[in-house]
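Shown below, as structure tokens, is a lone chain in the form predicted alone; questions about how it binds or moves come after it.
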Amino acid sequence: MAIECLVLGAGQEVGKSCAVVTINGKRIMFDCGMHMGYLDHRRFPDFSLISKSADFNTAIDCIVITHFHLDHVGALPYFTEVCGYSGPIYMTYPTKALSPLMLEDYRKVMVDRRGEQELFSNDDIMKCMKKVIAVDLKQTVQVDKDLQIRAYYAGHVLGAAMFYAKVGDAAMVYTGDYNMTPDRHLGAAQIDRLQLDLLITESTYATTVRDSKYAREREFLKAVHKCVADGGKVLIPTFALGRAQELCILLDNYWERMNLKVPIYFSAGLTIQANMYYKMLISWTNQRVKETYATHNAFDFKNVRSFDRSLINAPGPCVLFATPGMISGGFSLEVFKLWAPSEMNLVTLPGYCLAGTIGHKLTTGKPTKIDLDKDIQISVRCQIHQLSFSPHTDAKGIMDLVKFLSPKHVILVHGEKPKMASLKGKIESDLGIQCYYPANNDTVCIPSTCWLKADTSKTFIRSSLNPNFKFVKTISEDKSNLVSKETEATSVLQVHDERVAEGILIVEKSKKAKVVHQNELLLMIGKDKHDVQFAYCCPVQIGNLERTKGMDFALSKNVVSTSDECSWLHLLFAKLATKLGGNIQDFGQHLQVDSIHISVCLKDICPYRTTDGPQKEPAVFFCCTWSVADVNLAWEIISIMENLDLSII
């Protein structure tokens, strides 16, 4: 059996995460995201690749959503309410609570404010969420009799989870987004050591190794403090959930320590609602937040207040968190237009920015002007800071996870192609694990584990229990440098009983698998046994006939024939025994190693002899025959024989 992974999104790009994995006949969709950088057909995954007939309920056994970010859940209402999928959907309790907030906020921005076509309605969001089955961490969920899933803590954002899936003996993990280091409100990702055929992991920061978290925090606070101290305004474009809470905790604590009175604003009422959920879901935060919850809720911000639109042009310094992140539209774009032309102001981008967004344009160069469309151009004179407060793990974290889980195969998603190629090389060279990084709409097929329970026949059991004697004749340690003495050396017979269970696995339709003896199989299929034998007549040189005193030979065209073939065999046995150890046996008329049979050839013309023309040097020919099973060993022995000289002791 094989595991197939159809990558519908986040293939060699960041955004629109969606992977459809077929594992032992079961099909799971991991994430159903949208791309924030596109407004055309590239916004959603190409669902037609799942089912040409659009019968998604038959094509997919379940959907698993890892967290509430739109690039992982943004297309879900469209897929369920417009495309018609009505099967089970699994996500954690926080993801179920927070996803509708993110989806509705996006819908309002795109439809109500920007006047774009509505892809799904508020009713669609509510109907979609009713189909969701919430799961706890480490809760094993039996989707059906064959498929089970389990969620593990991923850090990243509140409720984010890695998902383990197992069908029969094949198992895999899909990480979604995760963070291997704790921050101010979330812990590090945690997962059991599992036996995996496949790990699908994000690779956003495939080649980045971050410096100290505290150094990054100091840099951020220093930049913000300097800007407001000089009378400027600070715009922090961020999504309402996740980094917003992390940075609010950081700034709120700093404001308290420094006794600053400059206002900190949140632009969205959504964040007030989100903070309420954060207070309710304390058990999903890190240990420090949980331990201090009784005396102080980390999400009760003393210096953060709601923002009124009338304050956009108000004089004086301030700090404003505006949604959405990356300045991909909405209120953050509206504020950016007004604040960007002033040198006093600061735009700080705390995380990854997708290609196509204004945030990405600001971080990939130092533009003085940005064309919003053909009619609108924004003058950019403000300070730009990009700080790595991303909740994604870095390259070291990815390598640590891959090494810890040690899967048989790794697929990289959610990353940039050149960086993914570099990480793939590192995984394969450092860890020896086969790694792939497919593009969107590509399929990767890998082998999976399949343990099979089988019955055994009585004949097979008896053959396994019967003695399997092997008689090995070896020459004694007392060797002479004279040929005549060597030919008289005594041999020692060693007896081995190597019992080997060799059978044939039979899998008949509608019947349990069974292991039978090979003779039983012939009876079952009504066929006679056929053995394939190989043969080769091999010359062994005798460079100096004078040295072979005591041997009874006659020469015919430089080919040695003899009446005493046993002497030649014993001489060859002595030579081969030094090369092969005790594996070769001397039966008088022939030598034998497993199925390889060696005897002196006395024919002037042998059909298995390939030597063309007269033999240049005196030689003894030995006919060698063997079965298919020993073909490699046979040619190894023949190679040894062709390089021997029986006259050299």
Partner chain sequence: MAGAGAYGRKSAHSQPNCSKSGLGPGPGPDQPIITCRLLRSLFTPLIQTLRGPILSSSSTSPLIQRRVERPRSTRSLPSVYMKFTCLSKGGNFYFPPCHIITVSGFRILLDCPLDLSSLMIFSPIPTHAFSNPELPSPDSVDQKRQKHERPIDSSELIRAQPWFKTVTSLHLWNVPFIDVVLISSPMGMLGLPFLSRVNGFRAKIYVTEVTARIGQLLMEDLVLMNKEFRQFYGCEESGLPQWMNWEKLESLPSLFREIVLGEDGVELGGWMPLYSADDVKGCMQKVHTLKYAQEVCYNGTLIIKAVSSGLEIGTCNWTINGPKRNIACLSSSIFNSSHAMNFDYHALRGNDLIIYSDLSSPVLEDVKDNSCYSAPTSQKSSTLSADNDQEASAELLLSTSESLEEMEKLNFICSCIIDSVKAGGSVLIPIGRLGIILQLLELISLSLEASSLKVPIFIISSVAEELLAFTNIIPEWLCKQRQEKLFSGEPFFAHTQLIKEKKLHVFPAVHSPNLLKIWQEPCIAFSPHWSLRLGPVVHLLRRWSGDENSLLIMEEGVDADLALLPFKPMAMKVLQCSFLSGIKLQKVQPLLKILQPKFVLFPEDLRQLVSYSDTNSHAFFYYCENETLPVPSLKNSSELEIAADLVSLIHCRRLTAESIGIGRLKGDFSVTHGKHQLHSGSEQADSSQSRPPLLHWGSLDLERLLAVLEKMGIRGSVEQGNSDTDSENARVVHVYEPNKALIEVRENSTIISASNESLSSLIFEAVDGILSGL
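Residue numbers count along the first chain shown, from 1. Definition used throughout: the rigid core is the maximal C-alpha set that superposes within 1.5 Å between two forms. Because the structure is predicted, anything quoted here is derived from the model rather than measured.
The following text describes the form predicted together with its partner chain, which does not appear among the structures shown.
With the partner omitted here, the residue from K302, K145, R257, K453 that has a non-hydrogen atom within 4.5 angstroms of its partner chain in the predicted complex is K453.
Screening A439, A229, A215, V532 for any heavy atom within 4.5 Å of its partner chain in the predicted complex leaves a single hit, V532. Across the options 279 to 287, 332 to 340, 383 to 391, 429 to 437, residues that bring heavy atoms within 4.5 Å of its partner chain in the predicted complex belong to 279 to 287. Each of K130, L465 and I506 comes within 4.5 Å of its partner chain in the predicted complex, counting any heavy atom. Proximity of H409 to its partner chain in the predicted complex: non-hydrogen atoms within 4.5 Å are absent; the residue sits far from the partner. With a 4.5 Å cutoff on heavy atoms, R107 does not count as touching its partner chain in the predicted complex; it lies far away. Contact check for E502: a heavy atom falls within 4.5 Å of its partner chain in the predicted complex. Contact between T610 and its partner chain in the predicted complex is found at the 4.5 Å heavy atom cutoff. Heavy atoms closer than or equal to 4.5 Å to its partner chain in the predicted complex belong, across 118 to 145, to the residues K130, A134, D136, L137, K138, Q139, T140, ordered by sequence position.
Once the rigid core is used as the reference frame, the Cα position of D442 differs between the shown form and the other one by less than 2 Å. Relative to the superposed core, L70 shifts its CA atom by less than 2 Å between the shown form and the other one.
Superposition of the core reveals a Cα shift of less than 2 Å for A421 between the shown form and the other one.
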